[in-house]
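Encoded as structure tokens, the following chain is the form predicted alone, with no partner shown.
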């Protein structure tokens, strides 16, 4: 195979991905790599293109900037934090601390099209929320990115680029919120499976804009429902309008038309078999119809009990079945005639004949309230540590609609990690293994807040501690020797600068500067980069999930990391001539190394390359 020397790639470029997809779909619309608008118009028809003038569209100040931010690749990575994790090596859940837009860009290659459910609870834009958004519309994209994406030595985003309060007095109040949401929703769509679903919590402040934005990102045809959640049990005595707003919304969209919600379990307790019917348990069901005589005249007739001769007059909307079907059901003993001539006949509905054990889910959710979420957090972390957490029961209800065994959920506005408790409790109840990836910005807690007094510095700290305590509580309630506990835990990661040097050609003006830059790249990894940090960065760059099982091998005295049954090998620490044949003998599909392991020995690297070529192994040197 070909020796492939390459630099560490950035996260996928959204604009480039769109161009590739369009070129694959309409190749004749491209000429020498550039989009030919005239050819595109010719291919899809003149009527399909809007030139200008009035049109229906969602627009706001800063929308073009939001798209530019979306299209700018990330060079950051995720640094593993074993000391903040539980059962790191076997865990199938992931918690990531960092700006969720950067994290989503980093995750895109590894998780593209793999996520079954996304649930998010973003800022409601009440006028007191703080979040990251491009609020300086006169600044260039580069200035904005420098302010927002600048990473400190510890991997934290610089504070001056972090949070901004989006006051209602701000002239770009709604625009700021939309600019924050657009790129995140766009990448979220990319992560979803074809049958994937996204649920977004919101309230009256932005629900109208959210619907329009999601129509743009997901397509109006993929709208599923706008649920009304009765979040408040008692009225809001603080209301000054004389109206207590007791509800919030959950807007649901699918990736494509393949997604269908499961529905709510039917009440099977109504089924019994008091007459020992050989066809099994049954329940009494309504026999009256739903159509007027003008609409369905064949359903309007008198029904006579053949045993008593009692005539049961036709109801106003007729019967459910036509005369022929009704007579067949009478002969089969399926029709229940009442003893009272004034009553209405009903029919037997047998359990085994039901098409589904589920009924459609109501768009009004009343089972849980915000108070339930508060009780959960208080019980785990103490009184007042986190305000207005979503109840895990609400998220469990949504997750159960779409997720099965092994499915993955992502929540990139994790807050207090209610979604983790939801997935964990659902797994425990159903005996299956759904997985979760949570992302939370390290938003500082209030200086004199209950959270600060409890020892928490950021919302991310609160989320991580809740995850630990939920795991501990779950382990206490399950047999510790069971197989279910082997992967109990979570991997913690931190958004951090790349472990590899990034080529900067913008400041090179002389041959001397070019030579200096090339000398810096004699080794691709940065000074002090840790092997495990580089490994996880490369896993993501090569499209592997953060929970990919890693096997550590000793090959002729050198440490080698293997994934997927040793089909891919990573050599990141050291390399010697003695390792070449044992590596080739493992018969991997690909061997990935960094240039630094060869200690400037071109002969050593060339020998490995030649052996790989002879054995049909792909060799990649970074």
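Computed from a predicted structure; not experimentally measured. Residue numbers count along the first chain shown, from 1.
What comes next is about the form predicted in complex with a small molecule, which is not displayed.
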Query raised in the report: Which one, 417, 437, 117, 394, lies within 4.5 Å of the small molecule in the predicted bound form by heavy atoms?
Result: 417
Report summary line: If we test each of 282, 412, 177, 500 for a heavy atom within 4.5 Å of the small molecule in the predicted bound form, the one that passes is 412
**Report entry** the small molecule in the predicted bound form: contacted by all of 100, 122 and 386, heavy atom 4.5 Å
**Finding:** yes
**Report entry** Residue contact check: residue 443 to the small molecule in the predicted bound form, 4.5 Å heavy atom
**Finding:** yes
Query raised in the report: Hey, in the predicted bound form, is residue 210 touching the small molecule, heavy atoms inside 4.5 Å?
Result: no
Query raised in the report: Can residue 459 be called a contact residue for the small molecule in the predicted bound form at 4.5 Å between heavy atoms?
Result: yes
Query raised in the report: Counting only non-hydrogen atoms and a 4.5 angstroms cut-off, does residue 184 reach the small molecule in the predicted bound form?
Result: yes
Report summary line: Of 92 to 100, 428 to 436, 75 to 83, 262 to 270, the segment with heavy atoms within 4.5 Å of the small molecule in the predicted bound form is residues 92 to 100
